[in-house]
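This document starts with two versions of one protein chain, written out as structure tokens and named structure 1 and structure 2.
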Structure 1
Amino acid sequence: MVKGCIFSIEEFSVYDGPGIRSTVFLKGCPLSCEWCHNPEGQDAGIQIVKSPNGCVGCGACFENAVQENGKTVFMERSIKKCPMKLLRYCGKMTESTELCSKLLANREFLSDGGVTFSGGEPFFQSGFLFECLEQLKGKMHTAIQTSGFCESAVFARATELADHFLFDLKLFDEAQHIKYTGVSNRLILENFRFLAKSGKDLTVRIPLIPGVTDTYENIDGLCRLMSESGIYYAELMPYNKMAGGKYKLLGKTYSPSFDETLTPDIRADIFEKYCIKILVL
């Protein structure tokens, strides 16, 4: 039995697939997107995070921390010593049977919905993900929200198990993709084309990052890819200017290279040119 590390379960979600859903957020991601909204999902392990709100500056948490590679790492004793109770664990190890039992117990409340596995990147914990999907298959609707970055054999197996995919398409140009996410998009585009041919239910999601993903060249490239793949619907996710709020919890500084004060361009005319219907979330 494979154990997985999750950092959140969001109940009664209406934005992560059809119907009302439970969304399970798995830790670990091979991408390092500049605009990441869930930085606590990047690291695969359990972390201790500290809220900056209400700190009295007593230093008790640091006195009970250790230094690793020049970074401060809080320990369990740091949690206990904080007088304001501002430190907590982020991440919990669980067996697939335990998680699936909890999800199945709530299925009667999920009207026309099911469970969505998100992250992080769910495929970062593919063994755990597949165990969950196998146990849930035929019992409740399952969806995977993914960047599409994983080996083709792993992705192919997922199409046999999951009912629906929420596929994030970010950047069409490989050099730009490497610059802003840290990885090539070759596997991503390969898996997207495979998924489109598979006949599986698929929802394309495009994050609109000002000056990065919302450019004419990028949206045109993504629309051309979708059109060639027979996909004519996309959900657009405008950049959230509050994206950097969580970084302080991890002791990190949010400093994107793009101008986050700008409003992303929807580029509705390009989607219309390719006959692609859009929904702005």
Structure 2
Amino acid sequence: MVKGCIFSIEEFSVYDGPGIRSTVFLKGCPLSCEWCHNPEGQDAGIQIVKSPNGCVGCGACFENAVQENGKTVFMERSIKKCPMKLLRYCGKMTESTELCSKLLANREFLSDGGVTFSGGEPFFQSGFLFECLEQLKGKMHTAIQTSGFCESAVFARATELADHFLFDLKLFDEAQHIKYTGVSNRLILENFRFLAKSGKDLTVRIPLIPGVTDTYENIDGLCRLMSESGIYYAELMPYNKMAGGKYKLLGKTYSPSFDETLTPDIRADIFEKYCIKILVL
């Protein structure tokens, strides 16, 4: 049995698949999207984070921290000593059996919905993910919210285990994809085509980042891909100015290269041209 590292379970997540769901957030992501609003999901390991609000400046956390490569790293005693309880572990190691029994405890609530695995990128911990899916199979509806970035064989196995996929399509152009997310979209597109062909329940999700993903060329490219794959429904997620909200928690700064103040273009006409129904979330 492998242990997994999760950073949150959100109960009553409304926009992560059909029905009332619980969403499990797995830590670690091979992508580094500029607009990532869950930066604590990027690093695979357990981190200690400090909430920036309410600090009385007593210094107890720093007294118990160590310096590594010129950076302050908080230690367990920093958490214990904070009088305002502003520090906590982000990430928790758990066994799949423990996690699944926790999820199944809410089965009565989730009877019309189920569980969604998100992240980070859930495939980053595919061994753990599969253990969970195997245990939940037949007991609860499962969904995976993914960037689609993983080995084809791993992805194929997932389609056998999970009931529903929430698949992010970001950028159609490979160079652009590398520029804004740090990785090529070759595997992603391959997995997408495979998934569409498999007939599995699939919801496409497109983040609308102003000047990046909401351009005419990009939306047209993505629509073409969807239309060729026989997918005619997409959920659009317009850029939220709160995206940078959690970077301070990690001691990081959020500095996107695109203009945050612009309102993303929905491009409804292009979707219409391809007969793709959209829902703006």
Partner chain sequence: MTDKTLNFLQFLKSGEYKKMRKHAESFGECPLTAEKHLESFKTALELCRPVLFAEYDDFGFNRDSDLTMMWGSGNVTPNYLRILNTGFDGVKEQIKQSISNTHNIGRKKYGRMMLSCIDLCLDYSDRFRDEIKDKNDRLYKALLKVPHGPAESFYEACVFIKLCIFFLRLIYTDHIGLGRFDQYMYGFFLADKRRGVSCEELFETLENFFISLNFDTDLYWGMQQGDNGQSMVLGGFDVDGNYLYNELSEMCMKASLELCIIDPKINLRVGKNTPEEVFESATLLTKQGLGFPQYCNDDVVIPGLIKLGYDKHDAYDYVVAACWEFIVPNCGADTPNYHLLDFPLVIGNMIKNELCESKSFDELMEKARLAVANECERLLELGKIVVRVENPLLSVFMDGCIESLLDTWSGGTKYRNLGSHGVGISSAADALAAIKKNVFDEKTISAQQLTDALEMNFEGCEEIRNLLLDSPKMGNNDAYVDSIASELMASFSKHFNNKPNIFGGIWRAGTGSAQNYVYASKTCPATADGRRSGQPYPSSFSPSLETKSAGLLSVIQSFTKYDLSDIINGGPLTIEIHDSVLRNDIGIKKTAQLVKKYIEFGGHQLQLNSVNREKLIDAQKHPENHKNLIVRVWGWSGYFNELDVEFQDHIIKRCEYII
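Rigid core here is just the name for the largest C-alpha set that superposes within 1.5 Å across the two forms. Throughout, residue numbering runs from 1 along the sequence of structure 1. These numbers were taken from a predicted model, which means no experiment stands behind them.
Index of the chain form predicted together with the partner chain, chosen from the pair: That would be structure 2, which is the form predicted together with the partner chain.
Rigid core superposed, CA of L250 - does it shift 2 Å or more between the two structures? No, shifts by less than 2 Å.
Shift of G57 between the two structures at or above 2 Å (CA, core fit): Comparing forms between the two structures, the G57 CA shifts at least 2 Å.
After core superposition, I'd like to know whether G230 moves between the two structures (criterion: C-alpha shift of 2 angstroms or more). No: G230 shifts by under 2 Å between the two structures.
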